[in-house]
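Okay, so here's just one chain, in structure tokens, the form predicted on its own.
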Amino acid sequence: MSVDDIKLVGVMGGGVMGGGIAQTFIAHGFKTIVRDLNDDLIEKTRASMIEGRFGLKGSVDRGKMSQADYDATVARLSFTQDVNDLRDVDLIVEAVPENLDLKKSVFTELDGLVKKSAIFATNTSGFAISDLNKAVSRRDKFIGFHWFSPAFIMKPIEIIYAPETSQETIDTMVGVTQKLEKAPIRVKDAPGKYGFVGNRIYFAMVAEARKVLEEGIASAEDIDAVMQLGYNWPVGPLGMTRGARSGWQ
């Protein structure tokens, strides 16, 4: 499968990350179905994608998207509660909560439902791909696809490959990432470690920032200010933790 073969994308799970991922896909020409559990969750995701801080209406207001492009983009988006509606997708991006057993159960269900040619990509923040791919029969088509928050804005995507991941799958997902105008970062799976590249380094920085706070050396605000002003970070380590969880509202 190549990038040009991907006509329909399924996003499993909405929320902060799933909604941002789906928004990016529809903004770059991919017809996309978001599957979530109930109407309330779906409406919350839809509202964030359209009217949130980084929503599509804001792109129109800022002159980055025409009204015609907005209308065409929104027309590529659909939602469902029925997992069977994902049967014919060419690419699944899983964005359910970061729970290993939950992710495995989701992929096991999808493996028996979605067409065999489809690629399965997980947005896990750090679970080993060689653990998650045990849930499916298509291990050659299973890959890590870790986005940074806010997904619609941040450029890097970690593409994590296990020994079983085929080169064709890696190449296709690199191409997809480039078509989304993101920066593909190839990462070798590292079982026994959590966090790939970005989060492993970030977690170490957050741990040290919390030690500084606990020791009473500086306030949370001042710790963040030092890193923002001294190292040109857009947000400090403690502020990053809050923002990534809240969706930067």
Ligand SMILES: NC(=O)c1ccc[n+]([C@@H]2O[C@H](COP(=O)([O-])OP(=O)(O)OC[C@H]3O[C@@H](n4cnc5c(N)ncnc54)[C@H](O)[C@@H]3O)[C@@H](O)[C@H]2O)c1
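Remember, it's a predicted structure, so these values are computed and weren't measured experimentally. Counting begins at 1, following the sequence as shown.
One more form of this protein should be noted, the form predicted in complex with the named molecule, which is absent from this view; the next part is about it.
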Only hit among 75, 153, 113, 102 for heavy atom within 4.5 Å of the named molecule in the predicted bound form is 102
Answer with one of 71, 171, 82, 98: the residue that has a non-hydrogen atom within 4.5 Å of the named molecule in the predicted bound form. 98
Partner absent here, but in the predicted bound form, which of 160-168, 142-150, 113-121, 173-181 has residues with a heavy atom within 4.5 Å of the named molecule? 142-150
In the predicted bound form, does residue 187 have a heavy atom within 4.5 Å of the named molecule? no
Does residue 15 make contact with the named molecule in the predicted bound form, using a 4.5 Å heavy atom cut-off? yes
Does residue 217 reach the named molecule in the predicted bound form, with heavy atoms at most 4.5 Å apart? no
Just checking whether residue 41 would be counted as a contact of the named molecule in the predicted bound form - the rule being heavy atoms within 4.5 angstroms. yes
Sequence order please: the residues of 21-51 with a heavy atom within 4.5 Å of the named molecule in the predicted bound form. 35, 36, 37, 41
